[in-house]
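To begin, one chain is listed below as structure tokens, in the form predicted on its own.
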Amino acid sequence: MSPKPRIATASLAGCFGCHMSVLDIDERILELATRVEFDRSPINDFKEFRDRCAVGIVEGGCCNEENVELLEKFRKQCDVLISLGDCAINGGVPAMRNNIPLRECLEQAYLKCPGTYNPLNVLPNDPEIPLLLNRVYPCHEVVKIDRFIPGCPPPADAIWAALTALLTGRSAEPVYEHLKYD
């Protein structure tokens, strides 16, 4: 018996809505679980890769060094890498800061925003906090992406169709009827 293909998922700079859409495949996730092994993913709460993966699914863009490092790790570890959702494909809402200098964004968030309590009037500078990039990058500007599933979030049927197509060797291009533009 051949081993099941492995699937890994990750969330970068985004809202986790694309992972919620993965869970929205509802009872089909049980069927998926019989056909694949979930590797690194919030679905099984594995934080590290355990083996090479057939498919990697990444949601969110890259807003800090930690996002870039994780995305590069996914590219190296996964045969097919899917950019899932508008934040991964275009930067999404986090990329709204791209036209504003980073320092100005930080000052607005931590010093000038109404309701901010910051009596020392300092910007976050803990070395444990990942270094922010000057802009938010969509995933394909950081690594090669093999498939794109658009949407905010993509509909569960589009995710299901792409995954089952990949697992059966068919084209995983999005089917227009599975997408919505409202």
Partner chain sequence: MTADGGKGKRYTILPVTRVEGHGKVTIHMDDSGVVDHARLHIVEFRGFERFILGRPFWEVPVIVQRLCGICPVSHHLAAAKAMDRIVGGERLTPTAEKVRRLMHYGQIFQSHALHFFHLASPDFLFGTDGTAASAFGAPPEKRNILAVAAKFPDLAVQGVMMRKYGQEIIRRTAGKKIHGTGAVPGGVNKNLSLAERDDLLKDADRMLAWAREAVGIARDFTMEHLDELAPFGSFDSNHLSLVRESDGALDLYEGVLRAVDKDRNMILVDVNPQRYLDVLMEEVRPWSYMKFPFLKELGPEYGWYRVGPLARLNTASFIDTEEANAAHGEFRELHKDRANNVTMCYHWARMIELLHAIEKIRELLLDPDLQGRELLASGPRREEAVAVVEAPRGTLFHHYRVNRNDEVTMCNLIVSTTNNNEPMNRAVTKVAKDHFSGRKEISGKLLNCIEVAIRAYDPCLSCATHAVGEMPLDVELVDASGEVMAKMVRDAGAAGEG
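Between two forms, the rigid core is defined as the largest C-alpha subset superposing within 1.5 Å. Keep in mind the model is a prediction, meaning the values are calculated, not measured. Numbering follows the first chain given and starts at 1.
The protein also exists as the form predicted in complex with its partner chain; that form is not presented, and the subsequent description refers to it.
Checklist entry - Quick one: is Ala54 in contact with its partner chain in the model of the complex, heavy atoms, 4.5 Å cut-off? => result Although its partner chain is absent here, Ala54 would stay clear of it in the model of the complex, with no heavy atoms inside 4.5 Å.
Next on the checklist: Test of understanding: in the model of the complex, would Leu102 fall inside 4.5 Å of its partner chain by heavy atoms?
Outcome noted: Within the cut-off, so yes.
Checklist entry - Hey, in the model of the complex, is Val68 touching its partner chain, heavy atoms inside 4.5 Å? => result Val68: contacts its partner chain in the model of the complex.
Next on the checklist: Is it the case that Ile149, even though its partner is missing from this view, gets within 4.5 Å of its partner chain in the model of the complex, heavy atoms only?
Outcome noted: Taking the distances in the model of the complex, the answer for Ile149 is no, it never comes within 4.5 Å of its partner chain.
Item to check | Residues from 24-51 in contact with its partner chain (non-hydrogen atom within 4.5 Å) in the model of the complex | outcome: Asp24, Asp26, Glu27, Ile29, Leu30, Ala33, Phe38, Arg40, Pro42, Ile43, Asn44, Asp45, Phe46, Lys47, Glu48, Arg50 sit within 4.5 Å of the partner.
Checklist entry - For Asn134, is the C-alpha shift between the shown form and the other one 2 Å or more after core superposition? => result After core superposition, the C-alpha of Asn134 moves less than 2 Å between the shown form and the other one.
Checklist entry - Is it true that Thr116 shifts between the shown form and the other one by 2 Å or more at the Cα, once the core is aligned? => result Yes; that C-alpha moves by at least 2 Å between the shown form and the other one.
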